[in-house]
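Just the one chain here, laid out as structure tokens, in the form predicted alone.
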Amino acid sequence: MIWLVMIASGLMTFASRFSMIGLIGNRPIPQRLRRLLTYTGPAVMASIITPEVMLSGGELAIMDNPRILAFIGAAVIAVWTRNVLATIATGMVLLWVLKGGVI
């Protein structure tokens, strides 16, 4: 049974990738679809980051959540500097300070 699941998963993965690369890969992408595809990256990042920031122990935690303030600080630095390393460092330092890491 496990082999059937593995083979089916592999075939579905191949089919989903082949549909975009093999079937329509040599055709020009319409401008509207190209514009819509630019939102894929931010949507994926938001779906990964939001639960990590907003949830604590599997429950929604808005009050007394240092992750939210660290995220806001990192987002401000990201917009201001457009520097990934500065954004990551700011978020890490803010989270550490807000959790009481400073002696």
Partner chain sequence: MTRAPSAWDEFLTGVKEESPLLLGVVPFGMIYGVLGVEAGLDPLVVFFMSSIVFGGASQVIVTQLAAASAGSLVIASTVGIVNLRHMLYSARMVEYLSGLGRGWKIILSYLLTDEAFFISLNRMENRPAGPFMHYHLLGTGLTLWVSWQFATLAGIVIGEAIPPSLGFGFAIPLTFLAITAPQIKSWPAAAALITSAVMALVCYEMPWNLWIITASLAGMAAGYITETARAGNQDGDNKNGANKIGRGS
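Residue numbers count along the first chain shown, from 1. Computed from a predicted structure; not experimentally measured. Think of the rigid core as the biggest set of C-alphas that the two forms share within 1.5 Å after superposition.
The same protein also exists as the form predicted together with the partner chain; that form is not shown, yet it is the one meant from here on.
In the model of the complex, the partner chain sits beyond 4.5 Å of every heavy atom of Met63. Residues of 32-48 placing a heavy atom within 4.5 Å of the partner chain in the model of the complex, in sequence order: Arg32, Arg34, Arg35, Leu36, Leu37, Thr38, Tyr39, Thr40, Gly41, Pro42, Ala43, Val44, Met45, Ala46, Ser47, Ile48. Once the cores line up, the CA of Leu33 ends up 2 angstroms or more apart between the shown form and the other one. In a rigid-core overlay of the protein, Arg82 has its C-alpha displaced by under 2 Å between the shown form and the other one. Between this form and the other one, the CA-CA gap for Ile48 and Met20 widens by 3 Å or more, being larger in the model of the complex.
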